[in-house]
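Encoded as structure tokens, the following chain is the form predicted alone, with no partner shown.
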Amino acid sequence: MERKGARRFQVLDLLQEEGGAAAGTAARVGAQTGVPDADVYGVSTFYSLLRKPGRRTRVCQGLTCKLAGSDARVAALRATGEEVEEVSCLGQCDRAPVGLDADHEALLWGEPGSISPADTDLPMNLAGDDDFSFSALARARELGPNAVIAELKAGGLQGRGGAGFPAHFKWNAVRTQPPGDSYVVVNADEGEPGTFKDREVMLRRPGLMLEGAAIAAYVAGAAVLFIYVRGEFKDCIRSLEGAITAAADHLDWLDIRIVEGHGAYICGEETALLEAIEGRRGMPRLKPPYPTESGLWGKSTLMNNVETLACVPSIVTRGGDWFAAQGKTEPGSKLYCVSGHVGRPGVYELPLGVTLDELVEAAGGYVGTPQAFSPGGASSGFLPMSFRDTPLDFGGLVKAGSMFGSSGLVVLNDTIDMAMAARHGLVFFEDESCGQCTPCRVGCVVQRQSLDRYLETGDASHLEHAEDVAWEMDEGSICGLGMVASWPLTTAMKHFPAAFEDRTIDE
């Protein structure tokens, strides 16, 4: 139990100011907040941007950055005597290779990413001018909360953060809770390898997302809006701050608070994110209850991700039927991220349900002979090119034995060893497991060690229990991370068995 009067929600910000997990920090922050020193220390060692004191350059070790030469970048930096830490995906895959400087500002060593050309017929239109008239918010007030929810339902808007859950259901669930305080939370903690669309929305159209969030707050009857932004996205935080200032005349009724993340992929899970806002370690909660019933500080909470909210203004102003018609196999347009072996990595707004070939055509074509693709980030595993005509949507990819996730597509050509590609995914999940569930905490290590032994010896027997471990992780984990952490390995083994055959050489 916390001490009386503890201000736990201040812990993370104070830790950043005081030096993270440096000696003496826990005692100082504990004295300021009333939170026990041991609890403060536990929080400081949980988040990657806090746990190691001192200044250093961080270099991404994600799959796309590895393809783009991050190892050479690390070697060059270390040759100059610079302290370097190799870290999990930094959400800049279209600009690979990338890093962070000692102040957590992005170091962009690759070419700039691309986006779809400006087109006012696109619901989000990343290349268009941001609009601070907030006409959609005014229209929402004319319609009223129930009519807005009805338009969301007609539009068929599914959550764009990965789960694909119907947006109108969440909004209505919060709207119909018993009277009392409620909150709206924007999940801008984009951390799935291969995914960077929310970053581009916040940089290019922050007002669009902000207006969608304001409409959500109006419908939910919430007076406070939290925007939880990934700590590695300093430029996005500045962009949002500018948008809040520009839209101030329309938002004087709403208390908007930007919360800076501190480096934890797991906080993309909605309940882990709530824990982080409250100043705790970002460990997922057991569900039910769901956040719509008991979320932030036990109050009803509506949470959507950045892209989901960016779709809302066009639904309100143009109608749900119009939005639904923008899709190909499922409702609406979609921001597709694509990186790896393509001509122009970037974010492309296309009808939901295009195929891989259609997406890559927009992205400048394949580089080399394509071999495999990851359709929804590392957690979706890998598919062979025989699935290139599968609709890239929520339903089609489930039927293919994968998942759409946050639509972070990575294309790999035939120069890539699929066993090594799988290893990059396993390393990511091992690094980012919160450690709460034993099957996930132990299983991530076991899977990575088994693959390492195979790669070192060529003996395929080291992988004979991979499926069994994956089953244990799926069945025994609280959240989705543990359920899919084995997918980079198990899907690669399924679809590319030749890459996992015995490699030993008889002498």
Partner chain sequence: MSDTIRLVVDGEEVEVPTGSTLLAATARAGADVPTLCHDPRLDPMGSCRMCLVEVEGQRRLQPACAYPAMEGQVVHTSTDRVERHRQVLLSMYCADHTLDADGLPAERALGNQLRAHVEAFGTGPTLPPIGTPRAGREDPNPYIHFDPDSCIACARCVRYCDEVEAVSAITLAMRGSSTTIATADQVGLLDSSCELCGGCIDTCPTGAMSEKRALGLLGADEETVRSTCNFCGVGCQLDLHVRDGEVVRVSSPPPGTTVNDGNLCVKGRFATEFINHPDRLTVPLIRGDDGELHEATWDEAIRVTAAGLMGVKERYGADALGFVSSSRCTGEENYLVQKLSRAAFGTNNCHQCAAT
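Positions refer to the first chain, counted from 1. It should be emphasised that the depicted structure is a prediction, and the values quoted were computed from it without experimental measurement.
Keep in mind that the form predicted in complex with the partner chain is missing from the display, and what follows is about it.
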Answer key, the partner chain contact in the model of the complex at 4.5 Å (heavy atoms) among 57, 61, 477, 33: the residue is 477
Only hit among 436, 371, 172, 294 for heavy atom within 4.5 Å of the partner chain in the model of the complex is 436
Using heavy atoms only and a 4.5 Å cut-off, decide whether all three of 46, 288 and 445 touch the partner chain in the model of the complex.
yes
I'd like to know if residue 37 sits close to the partner chain in the model of the complex, meaning any non-hydrogen atom pair within 4.5 angstroms. yes
| query | Heavy atoms within 4.5 Å of the partner chain in the model of the complex: does residue 457 have any? | reply | no
Counting only non-hydrogen atoms and a 4.5 angstroms cut-off, does residue 42 reach the partner chain in the model of the complex? yes
Even though the partner chain is not shown here, does residue 278 get within 4.5 Å of it in the model of the complex, heavy atoms only? no
Of 280 to 288, 248 to 256, 198 to 206, 67 to 75, the segment with heavy atoms within 4.5 Å of the partner chain in the model of the complex is residues 280 to 288
